[in-house]
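Next up: just one chain, as structure tokens, the form predicted on its own.
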């Protein structure tokens, strides 16, 4: 398990842009893409703001029109991000230049790991008109079901659509996994891909995270739980009131150092280590001392074989909810003391992407290291005293080193940490 894991490709899409550089520059410039929801009439909804991708053109994301009948909006985003990462890494031109036997081996040694949101309320919306027309009569509902509901419903709602269609499109036949673990899903896709490479199960892997939770019921229930902000996301601010949902996807191509070197790949960075733990206290409970994040960070540092002093910047979960931000600040203080490295968060710029949030933060962390610039939190006005030891700012800061720590949290006390290093060149 000692093989070095390199990052050779990246792709991303969200409300702030359709590629990593565009998204990073928007955050660096202090521009938020959060706006009024347009996918349905939200004028009477309790929360009307989200990080929605404006004027989304499915054909511009995935050219195969037939495939659009078999996948959801979130799947299109995942497939797009994956295609851009694969293109960025130059995998296909390299494979196509190999002789047939070597190309077959290349496919067999290429894995795919995808983190998604699992089920979504909108998956059931196809049934609503018939349920209304049946007026509670299950006999009517059963007799008319096959002629009323789209027969492609089952295929369209499969949680592993992105995983299988990447494999089908590119003929990648190596190890694979579909991960549905709320907000940690995308980060775990990266971690599982890296573990497979370290264990010798594959030479390279595509890791993807995708989610599109902007739908009426999800918005309603997040609001009912008191999790949504009144105006915008203000991480670590004394006036923060909650988070806002966004949609998008991000992807990374990871390779063993030997595989990347053998094909002359351009290395963007290095995966160093990761960890994911649970606090195990309830679906919504958050420990005020940040115990889960503390343990995740400690384990990730051990996995990377580095210490806290080696970390040059932190991308915090920073979802803007009062208890999460305060406990996250407590965890960072526990590990790094009163002088932590420059810290930022990105959800204020495009919303909380749930399953895709952690992997998009990872992509943006890598870009921050590459630019030598940690973007500020533009919506920060007055730092909460409970978060006073954090090195956060409204303006950009230089990282202390070329190592970034990315943090992610989810329902049921899930806490994830991931460490990466910028490329030397």
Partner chain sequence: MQSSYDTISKDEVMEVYPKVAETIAEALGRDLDDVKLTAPLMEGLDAESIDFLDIVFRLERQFKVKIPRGKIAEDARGTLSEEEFEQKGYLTQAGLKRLQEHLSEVSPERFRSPIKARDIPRLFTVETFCKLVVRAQKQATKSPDG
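Positions refer to the first chain, counted from 1. Nothing here was measured: the structure is a model prediction, and the numbers come from that model.
Keep in mind that the form predicted in complex with its partner chain is not shown, yet the notes after this line are about it.
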item: Residue stretch of 251-259, 143-151, 325-333, 343-351 approaching its partner chain in the model of the complex, non-hydrogen atom distance within 4.5 Å; value: 143-151
item: In the model of the complex, residue 31 touching its partner chain (heavy atom, 4.5 Å); value: no
item: Non-hydrogen atom contact residue 155 with its partner chain in the model of the complex at 4.5 angstroms; value: yes
item: is_contact(residue 69, its partner chain) in the model of the complex, heavy atom dist at most 4.5 Å; value: yes
item: Close approach of residue 65 to its partner chain in the model of the complex, 4.5 Å, heavy atom; value: yes
